[in-house]
Ligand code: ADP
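Only one chain is given next, in structure tokens, and it is the form predicted on its own.
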């Protein structure tokens, strides 16, 4: 059992979490969500020495791409890696301001810094041969056919329609890890790895952005490991993971070993586009003693850190 707040942890927020289901994505809404999370996070952060916040950016990248398309011929075009960087900056600013405002209102004056983050991926990652990550707006059948004829990968996003798809390669390294570590050593809360980080490869000893998106939970697990943090928390819109989700047999997954969770994943209990990446990141992170991964909602964050709620994954020792 873990009765005390950990000395250091990484908290991952989903990009979809910045908008209430069924409502349009807006800047006021994003600020409001960020401040609500900041308020819930405060009791956990007061005594934590090292805190990193990672966030998703899927919906924000979709809106950025829509702006790029609408402005073609008037403004210069932006490739996908730059759109990822743009939205990493957008949400980094939102979180910086929200955290500072919420914490100062409670008498906490702690430094916070957002780090624009690049993530190295392998140029020969098999994901580049089979792009599956939907991005951007829903397309008409005619638009999808035109893009396919131009060599752009498109596929049906179940429940939505035709969308462009890109590769989602595995993150190999967060290039700013050493800088983030120095900030943490100074007691600064760090926002990093936004949207999984800007994906880059190396060619002739130079960095090169690529048309891809990296799963933010995979980057969160990688970064937490590199920084020697012992707790990975993934916030979502449900209080925990579930077996047989949305069926009469639905059952909450509470405290569980890595081996048992991996077995449930192999049996198909977790959807690839939603809970699946979080489960994979949890299993990747909890691969040695004295580590734990948590999946929970903002409302039960404190209880999950106290090992009384949420899905808590441990090494089984």
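Residue numbers count along the first chain shown, from 1. All figures in this text were calculated on a predicted structure; none of them were measured in a lab.
Another form, the form predicted in complex with this ligand, is not on view; read the next lines as being about it.
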query: Listed residue (237, 111, 157, 143) with a non-hydrogen atom within 4.5 angstroms of this ligand in the model of the complex; finding: 237
query: The single option of 273, 254, 43, 29 touching this ligand in the model of the complex, heavy atom within 4.5 Å; finding: 273
query: In the model of the complex, segment of 237 to 245, 223 to 231, 79 to 87, 205 to 213 with a heavy atom within 4.5 Å of this ligand; finding: 237 to 245
query: 4.5 Å heavy atom contact with this ligand in the model of the complex for all of 8, 258 and 291; finding: no
query: 4.5 Å heavy atom contact, residue 298 and this ligand in the model of the complex; finding: no
query: Close approach of residue 50 to this ligand in the model of the complex, 4.5 Å, heavy atom; finding: no
query: Residue 269: touches this ligand in the model of the complex, heavy atom cutoff 4.5 angstroms; finding: yes
